[in-house]
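Presented as structure tokens, the chain that follows is alone, the form predicted on its own.
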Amino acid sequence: MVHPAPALARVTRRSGRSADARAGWLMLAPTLAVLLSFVIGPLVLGMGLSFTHYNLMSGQAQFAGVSNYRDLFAGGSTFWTALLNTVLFTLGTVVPTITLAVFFGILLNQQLIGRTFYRTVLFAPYVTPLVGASIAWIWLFRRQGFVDWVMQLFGVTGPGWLSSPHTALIAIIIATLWQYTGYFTMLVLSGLQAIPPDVTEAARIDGAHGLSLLRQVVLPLLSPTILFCLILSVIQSFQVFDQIYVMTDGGPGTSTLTLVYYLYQLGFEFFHFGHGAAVGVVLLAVLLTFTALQLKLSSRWVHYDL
């Protein structure tokens, strides 16, 4: 004769797990709905559009195969100029931003008088509306503006920053560094404050001081935070749009034309939605490649313990 107690216990456990599963899915439902509506759905739709010639007026899409991609990668295509400008912009912003963030983070982690004020001043540009800040930078970089005036004090004639194809991208990079350095500094500062004080104290007892303490203890323990900042900074740099839209409109010529701005032009100025979607897919592939490469190489320099 089978005793009913064990069978009843098994049924009770199964029903309990089912109730927990239903409750879990119910709590996940709002997030999943947002994810499907605003991330996965548009991603699938964009990939589908990249293989079509889509007519916005009629709402009809004609299958085009890989012709949109073939047009992008054709020799002399504007796409290559946009890609090169994006890479140059990324190199010009990521390396200085992370370097300055580490420097300011270490500096503001010291017992300085008024360090809260310094942190606020450094972080303030990040919370400044990007469009308003870009308009202010237009005034700073315009001919006979403040930047030209400062250069004239040193006997140097201003190059016409935003009107010259040789300096327009540099002006965008400077404005971006001002905007985002404070944000990444706060991330680095949080990483520094997460380092256990007893670890650094033990290193000092063992004779590590100054640069040796920084190189052998602080930076290795800070490397996961630096990796996060590096990945986030690269993604943000490849997606630059607002500064270029306000300050240069992609010009002069195509000197500040980037991938996202080129996507905007194709889709919303020329109404070539298929080509614009193809640029978006290529951008996604490039970002995934860069991120995977950074994660792969991180095993050589990122340390999660000493």
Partner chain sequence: MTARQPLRFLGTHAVLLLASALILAPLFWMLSLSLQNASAAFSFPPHFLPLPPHWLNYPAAWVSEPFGRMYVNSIVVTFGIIAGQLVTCSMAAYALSRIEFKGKRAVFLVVLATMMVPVQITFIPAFLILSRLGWIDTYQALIVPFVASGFGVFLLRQAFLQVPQALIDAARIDGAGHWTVLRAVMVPLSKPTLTTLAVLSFVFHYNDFFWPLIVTNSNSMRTLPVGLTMMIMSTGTGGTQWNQLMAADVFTLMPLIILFALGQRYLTQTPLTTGIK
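Positions refer to the first chain, counted from 1. Note that the structure is predicted; figures quoted are calculated from it, not measured.
What comes next is about the form predicted together with the partner chain, which does not appear here.
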Heavy atom to heavy atom, is Trp80 within 4.5 Å of the partner chain in the predicted bound form? no
Answer for Leu122 alone: is it within 4.5 Å of the partner chain in the predicted bound form, judged on heavy atom distances? yes
At 4.5 Å between heavy atoms, is Phe63 in contact with the partner chain in the predicted bound form? no
Gln110: touches the partner chain in the predicted bound form, heavy atom cutoff 4.5 angstroms: yes
For 26 to 53: residues with a non-hydrogen atom within 4.5 angstroms of the partner chain in the predicted bound form? Leu26, Met27, Leu28, Pro30, Thr31, Leu32, Val34, Leu35, Ser37, Phe38, Val39, Ile40, Pro42, Leu43, Leu45, Gly46, Leu49
